[in-house]
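A single chain comes next, written as structure tokens; it is the form predicted on its own.
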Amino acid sequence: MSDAALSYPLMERFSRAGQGQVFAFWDRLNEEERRALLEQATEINLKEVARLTSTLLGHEATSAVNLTDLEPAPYVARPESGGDAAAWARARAAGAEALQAGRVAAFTVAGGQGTRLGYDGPKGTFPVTPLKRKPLFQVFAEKIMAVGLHYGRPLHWFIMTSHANHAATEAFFAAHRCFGLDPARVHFFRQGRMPAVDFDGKILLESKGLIAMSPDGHGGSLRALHRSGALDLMKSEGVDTVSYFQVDNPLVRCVDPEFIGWHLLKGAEMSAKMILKAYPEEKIGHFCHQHGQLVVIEYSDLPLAVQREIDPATGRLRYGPGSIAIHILDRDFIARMAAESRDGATGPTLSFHRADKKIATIDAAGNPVRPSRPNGAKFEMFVFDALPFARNGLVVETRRADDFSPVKNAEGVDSPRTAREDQLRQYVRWLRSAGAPVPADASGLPAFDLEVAPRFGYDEATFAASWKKLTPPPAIAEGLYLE
């Protein structure tokens, strides 16, 4: 369809929806600018924008979180926390069987840029390992390859990018030949976007020919899997179980057979890993039960007094179970959640959340506006909001040291330094568990850099098996790299 044939009906729809300002500068745009504006406009669901304006900005809107009937969620405890060791062994066996059958795919949400780290490029290209300075994408690629080799079935890996970093991410993988993975099993697709609006619900323009668009949140990954055709590909390949994780966490076990096994044995449609919060103010969400449903309450939404409550029976935080954005989802559940409202029919779709922001825009005359305070709202979805809709939603405990050390900030907590140190501590634990004496300080941090390639060991058990094969074992010293 030509641009002219597309533009007039589209412009009319925007006008009828009270959003005609999107095309206010149409006559001043060249052909390329018009084409870009039309492409953006076709992404927008005007009925959805109208609904969000009413529910999140209008008289129906409420910012308060309902805490009625709120309780900490139950979870499957680790054996060292009192859980059933035999049940964990059964879970690992069930997960291994699913991996051997080719039922599992890895899925990484990787739309972010390295801006907060002072780094110019997709966050997944940021170097994180202590010795070899491998980027995050390489860390995950090597873990996924190692799991595939161990269980005799290579995995598909789905990577959700953003419009801002899609081309750079694809180019990065091409330049590194997918880090040894089969390119036919590495799949890229873009995250969805939503328009930013002012507080009256009017869609804002970034410039005369561009709408102010922003990613629709990690919850949008479910819709993106559907829209991209990824779910259809999974079905054709016999994949029914999806291991979800975010790009900023080098410690994550991308594909964890125990976690997969618990998910399958419990008949869950969506499962989540949890850690116990280190302190009340830690900025992670809280797994809770409310009105008979499993939910996550964000740290910013739970009153601090509640976060500080102590369980008298255990002496620990009452709301200690914390969300770390690691999930297992059934493919068919993703498809059900990804279905969008059409013709007035609504299914179990994720809710959007409102975030008030300072949005660079233009005024009615086309002049740039750089606000000093929030002048509009962006809408985003959170993937954990799918949990209440899942049959047999499940929370499974993991050890922080095994799965969680995100790289979010340039310095301080959750920074490259803390992630590097946590990787080193993990290597020390594995070595000591295998019987190798490693000097380290009281926190478990060695005085020198070393590194373990995932092919040598992607968890404690596989590391121990590889270490036993070394005759004689190498000296533990500065610069040791096990691969």
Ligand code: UTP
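Each residue number is its position in the shown sequence, starting from 1. Note that the structure is predicted; figures quoted are calculated from it, not measured.
One more form of this protein, predicted together with the ligand, exists but is not displayed; see below.
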**Non-hydrogen atom within 4.5 angstroms of the ligand in the predicted bound form for each of 100, 240 and 266** = no
**Complete:** Note: the ligand not shown here; in the predicted bound form, the stretch from 282-290, 73-81, 86-94, 241-249 having heavy atoms within 4.5 Å of it is 241-249
**Message:** Can you work out which of 148, 209, 130, 114 has a heavy atom no more than 4.5 Å from the ligand in the predicted bound form?
**Reply:** 114
**Item:** Listed residue (393, 257, 321, 215) with a non-hydrogen atom within 4.5 angstroms of the ligand in the predicted bound form
**Value:** 215
**Asked** Would residue 408 show up as a contact with the ligand in the predicted bound form if we use heavy atoms at 4.5 Å?
**Response** yes
**Message:** Test of understanding: in the predicted bound form, would residue 191 fall inside 4.5 Å of the ligand by heavy atoms?
**Reply:** yes
**Request:** Report whether the minimum heavy atom distance between residue 136 and the ligand in the predicted bound form is within 4.5 Å.
**Result:** no
**Request:** May I ask you to check whether residue 277 falls inside a 4.5 Å heavy atom distance of the ligand in the predicted bound form?
**Result:** no
**Complete:** Near the ligand in the predicted bound form, with a heavy atom at 4.5 Å or closer, the residues from 145-163 are 160
**Complete:** Assert for residue 380-residue 112 (C-alpha, 3 Å or more) in the predicted bound form vs reference form: pair closer
**Fill in**
Output row for the residue 380-residue 113 CA distance, |change| of 3 angstroms or more in the predicted bound form, reads closer
